[in-house]
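Two versions of one and the same chain are coming, encoded as structure tokens; call them structure 1 and structure 2.
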Structure 1
């Protein structure tokens, strides 16, 4: 597959190792420490079924190359969507502006890197090449399942999106790497109505896979029913309580807590610049000893997984927090060079038009030993958060939020009434120190996450077992 990706660019755009070498030479003709080329050919399609009609169907292609020159802490960047040699050379000269003086490295000959491990996402038929009727069938099945769930389901919207990204990376230190990255996602939104009450529910899933994902791993029926169930449950939800209280997070998607509370704060760029609330805390306690958190880009077929990151480095499983102690950060090339840290395969970018930076892949907490039901039983009055929308964090002061889309009161050790969605807010460096129970039921999310940072969006995964946080501020309205 890697060879296919390389040949794809070489054949279609008349590229060759010596041609790439020449572009790199131009990029470094004014000096600099390093240069790289990132070629991307992204083909995508999406479908929208609404009112049981296929209302919108799209397909598209975007192609381009991004050229980067590094000089100390400086990055020069240029891109072009015209892959003729003249335009690429022009972009290389633009990126070169950042540097001055003689090049501090000499450019070594390109050699194709051969990965020892098999692809994490081999697909026989790329999702973008599947028959549109096969995709439409998935939408109809999800729509039908959602409508059949309950007569109060009034509106169902089913979205499908796929893409295949072909990537070729050439670097001034001689690496030539390529990858083919498929991605699919199916999502369902439901509106339930009961008299004057209306509520919404949503679910979705996918991964780096072909359409077979929806036959084998997660069916459209499951997604449709789940969205419908959430809307129905929420119809008669009460006001959510306000203030500090114990919070139990259910397994799976609530792992977005880790993504916001600690994940972003452990990205190496913020720590190199000392702008993160976690700066300088390696080796120190940032969580209770029940907490071990990893970022793992190597899980087969997962939405956040990659064979290599967008700088050509192999992905890996990086331990961020081990039994409560901060072990390390997620690194891209620039930060690892400047701080003499090992690269972790976390250099990612949205597209050829963007500079890479440290980003998460699949971030999750390892399972503990508690029975999830015991964890709920240990709370006399608190909140059980089963599902979330999204979240956000202020890296510098560490404050993070995440918004519950399905949550319940815990009263005398039992999950009782559903309450209206509310935002939970906490402080990243100390929220995990208040984790007093960790369940044995680690679950990863179904493959719906997209993370934004400095205007760039990339697919990610999260996961968590059931956990209890002794104290967290819940942003409800009931006092």
Structure 2
């Protein structure tokens, strides 16, 4: 796939190693420490089924190159969607002008980067190349399964999206790297009604795969039924009580709380600028000794995985917190150069029109040794959060507010009545110190995560085993 991507750009756009090196020379003509070229060709398609009718079908292609020049902490960036040599040179000169500085680094001759590991997402047929009828069949199967789950399911919306991104990266230190990155996702949204009551449910899944993902890993029927089940469960849920109480997080998608409340605070740029609650705490205890948190971009086929990051560095499994001790941050090139830290393969960008920055890939907490049922049995009165909706986090102090889309009371060691209107309020660094039990049932999400940062959106993965937080503020609506 790497060779395919390289040949794709060289053949279609008449690029060559000598031509790329010339563009890099232009980018560095006003000085600088480093420059890179990021070529991207993205093909995509999407379908929307609403009320069992196909409401929209779209296909698109975007192509362009982003040119970056680094000079100390200054970044010069320019991009163009015209890949003629004249336009690329014009963009290179613009980036050079922005980042002009006294430093000047000799540009090394380009050499292809060779990965020692197999591709994390070998795909025989790209999802964008599959027949539209095959994609439409997935939507119809999910729609039928959701409607058949319960007569109270009144509305169903099913969305499908795929893309294949071909990238080519050339750098002033001589690296030439390429990749072909598939991505596919199926999502179902349901509305259940019973008299005057109504509730919504959602489910989805996908990964870096072809359409076979939905035959072999996660079927449309499973996704459709799960969305309907969540809506039905919440129909007659009680109002959630408010107050400070023990909270048990279920495995899988509830790991989004970890992602938001802790993960962003461990991205290197926030810590380099000392705007994170975790700044300067490497080597210190920031969590219970039961907590080990990693960011792993090397999991085969996962939504957040990449053979290489968007700066051409191989992704890796980075231990962020080990048995409660902060071990390091997620690094891109700029942060690692400025702080003398090792790169971790976390330089990511939304597209060629965006600067790379430190971003998460698949971030999760490692499993512990507790039986999940024993964790629930240890709570006399509390909340079990099985699924989450939206949330907000302040990176500077770690304070967060999350809404639970599916949650239940825990009474006398048993999960009992569903409740609605539950919000979890706390502080990321503080909440990890209150983790007293960690289950043996680590689960990753089904492949639905998209993370926003500074206006850029990238696909990510999250995960967590069942964990018990001894004390957390729960906002509720019960009188």
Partner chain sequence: MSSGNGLADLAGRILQAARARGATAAECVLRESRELSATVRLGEIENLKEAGGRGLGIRVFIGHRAASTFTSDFSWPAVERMLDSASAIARVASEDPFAGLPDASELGQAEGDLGIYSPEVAAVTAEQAVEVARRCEAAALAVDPRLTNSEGGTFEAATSRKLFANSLDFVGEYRRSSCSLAAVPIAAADGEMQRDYWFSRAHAPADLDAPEEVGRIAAQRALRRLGARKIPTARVPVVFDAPVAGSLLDHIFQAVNGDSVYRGTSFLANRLGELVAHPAVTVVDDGLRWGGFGTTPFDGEGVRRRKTVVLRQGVLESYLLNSYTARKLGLRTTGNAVRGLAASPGVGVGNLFLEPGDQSPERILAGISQGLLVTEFIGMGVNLVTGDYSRGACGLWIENGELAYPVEEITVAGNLKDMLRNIAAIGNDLVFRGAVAAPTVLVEGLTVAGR
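Note that this is a predicted model, so its numbers are computed, not measured. Residue numbers count along the first chain shown, from 1. Just so we're on the same page, rigid core means the largest C-alpha set that superposes within 1.5 Å between forms.
Of the two copies shown, the second one, structure 2, is the form predicted on its own. Superposed on the core, the two forms differ at residue 391: its CA moves 2 Å or more between the two structures.
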